[in-house]
Each structure stands twice: as structure tokens, then as C-alpha cells.
Ligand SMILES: Cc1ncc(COP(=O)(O)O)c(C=O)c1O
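For reference, the chain that follows is the form predicted alone, supplied as C-alpha cells.
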Amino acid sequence: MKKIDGVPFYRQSFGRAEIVEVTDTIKSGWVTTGKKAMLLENKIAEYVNVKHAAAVNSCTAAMHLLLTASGISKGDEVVTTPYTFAATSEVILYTGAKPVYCDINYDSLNIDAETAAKKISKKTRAILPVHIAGLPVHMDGFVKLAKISKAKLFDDAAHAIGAEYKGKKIGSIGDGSAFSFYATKNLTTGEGGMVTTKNAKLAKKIKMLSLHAMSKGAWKRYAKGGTWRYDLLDLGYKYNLSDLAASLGLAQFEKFERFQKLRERACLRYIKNLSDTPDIKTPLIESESKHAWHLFMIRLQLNQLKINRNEFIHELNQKNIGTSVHFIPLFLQSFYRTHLKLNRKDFPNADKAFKEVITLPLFPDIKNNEIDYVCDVISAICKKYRR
């Protein structure tokens, strides 16, 4: 086994380009929302092949704005997954609507249109699937379902910048998508997010709502020829992305394709190294999709091991290997059990998968010897505790 100190769960891939871009913003004297935020919007819109994008301060904000700008409110229902981070469900509750959950596909960890169709009612106003770990949801089925049910199709693409489904970029399918540029994401602004959509009217309303629903943002008010006058057009939010954050994203964007190739190479090495370890199931790869490889999630074949997932993680931590678990399903969270009466028995696939998953270290700068070390430790643990 190779002798290294350990491998962190995540390590930032920043360099001189980020320092130069952020410094340029600071020197410009304009650090809040302005031309750099708009430039990042244009680059992301072009990248995913849509005409409109709105930079916001989180993926949570992006999803909330998509729902709110579409008029979703109390009495409406939104079909989604319980196998996700809290934000996906929180934003539905923010609007006053009711989240309706369907179980996941056990292999992909994503929901599918056939299962979601069973949850559609006359109150369904939107469908909100999540691309777990960067593996695209089968979007064509959801496009058909949304058309039949006359519901909006939005996707939580927090993990999926760079992913494709049947040749189409995630972010260009359906009525709107929400991306995350959080610190650990494939492209980061530190904290941030982005809405992408083909709908000009929706994009305009989202941009307006994202900054207190003001008729003019600071950039327009304080620019040459601007005026201090503005009007409040609706009940808005403080969801705008600053130029300081956007400048970090602009530097990251120039490296994005290279980072994606490095992530893919790392994941393929993981898969090859673990192929001879029968107690480990590596992530699903589908020929019709391009994985974004935001996370590398393995599944323990617990019927072949004498330890559970939590004990396995402890063994990895003892070897200084950082890990995480994505995600603790909502039906196991106190708030959702209490207020929405969610029961794990209603979601057998999600419940079973949760007990098996471990997310391994993955970042663009991960070294081959670090991947090999992680795999060697995993193989040793499996050998030690194999039934």
C-alpha cells in the first residue's frame, strides 16, 4: 500500500487566474452586481445553449425564483424526490405549495417519469427532478409528462453543470434549470448559482425578483446617465450575485472543460481500481448521457460485508480519507417526518440506497497516487470484513 498521509474529501483548485480576476474586480471599484455578473450569465447561457441566464447567490435562490416567478403558490403541488439536499424541498415550501415525493430508481438514484406520473394530480403545477452526483435524469420522459400534465418542468441541476442527456446540455431541457456554484461544485463562485431558461419573460421576471423586485438595480442607477429613482414592482428577494463572486466564476469558467476531463479521468481510475472488489458497486454510467462527475459515490454490497456503512466510513477515516454521504433522505429528517408525515416505508429504494452510499474524495487536482491509496484502503477493508 502506498505511503501517503491521507486524502481530503475536497481540495480547491484555485490558481493565479482566480487571483488576477478577483483583484481586477476589487481595483475596478465595483464589487456588487454589475458587468462581471452579467458576463458570467452570458457565458453560462451560451455554454448550455439557451438565450437567458440569471446569476443569483445560490442554487436554492435559483429554484425558489423559478417557482415563484412561475406563480406557484399555496394550494399547488410540486413533484420531486426525497433523495436530495434540503434546498430542493425547502423552496417548494417557501412558496406555500406542497412537495409530493416519489421514490428513486435504485440504480441511478434519480427519479424517473414513470414513477413521477403516479404522483401527478390536478393540483400539480411543477415537476422538479434532481440530477444526483451529476448523472442526468432521463429528461425526455419528464418532458412528455410535463406536457401531458400541463406542469412546468424545472430541474435541480446543482450537481450537473457540464452534463448532457442525449446530446443536449443539462440546463437547456424543460422550462428552467437551477445550477449551484457552491465552494465544492465543478465550477465555483464561492457561493452562488444560476438560472438558465429559454423563456425570455421568465428570465426577466427572475432577474427583477432577485434584487428586491426593483425596476433598476444599482448598476443601472449609478452608471453614467442613471437616476436614483426606482420602483418596487413586486415582493422581491435579496438573491443577486456580486461581481466579486462572479469574477471567481469567470476564472473558473476558463478552466472548466479541463477540470471536467480531470474529474472524468479520476472517476474512471476509481472504477478500474475497484473493478476487482466485489463488495463495491461503482456509479452507473449510461451511454445516452454524459456524466458531470460532481461526486463519486460508491455503494457497499452490505450482504457481503460484516460491517455497515457507518463503520466502513470510520475505517476510512482512520486512514485519513475524507468522505461524505449524499444524501440523508428527507424522510429521515426531523422536520419532514414531523410536518409532512414522511415515512421511510414509502420510499424503499431511497431507504436502501442511503444505507449503502459513501462519497469518496474527488476534485480536479486529485493525484493518481491519492486515488490508488483510497482504493487500496477500500480493498483492504473489504477483505478484512468480507463474509
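Keep in mind it's a predicted model, so treat the numbers as computed, not measured. From 1 onward, residues are counted along the sequence shown.
Keep in mind the form predicted in complex with this ligand is missing from the figure; the text below concerns it.
Choose from 268 to 276, 97 to 105, 246 to 254, 182 to 190 the stretch whose residues reach within 4.5 Å of this ligand in the predicted complex, heavy atoms counted.
That would be 182 to 190.
Does this ligand come within 4.5 Å of any heavy atom of V130 in the predicted complex?
Within the cut-off, so yes.
T124 near this ligand in the predicted complex, any heavy atom under 4.5 Å?
T124: no, not in contact with this ligand in the predicted complex.
In the predicted complex, does F327 come within 4.5 Å of this ligand, counting heavy atoms only?
Yes, contact at 4.5 Å.
Taking 4.5 angstroms as the cut-off for heavy atoms, does Y230 touch this ligand in the predicted complex?
Residue-level check for Y230: no, no contact with this ligand.
Of N240, Q260, T88, N110, which residue is found within 4.5 angstroms of this ligand in the predicted complex when only non-hydrogen atoms are counted?
Looking at the other structure, the residue within range turns out to be T88.
Under a 4.5 angstroms heavy atom criterion, identify the one residue in T197, S210, T84, T80 near this ligand in the predicted complex.
Of T197, S210, T84, T80, the residue with a heavy atom within 4.5 Å of this ligand in the predicted complex is T84.
Pick out the residues of 138 to 160 whose heavy atoms come within 4.5 Å of this ligand in the predicted complex.
Contacts from 138 to 160: D156, A158, H159.
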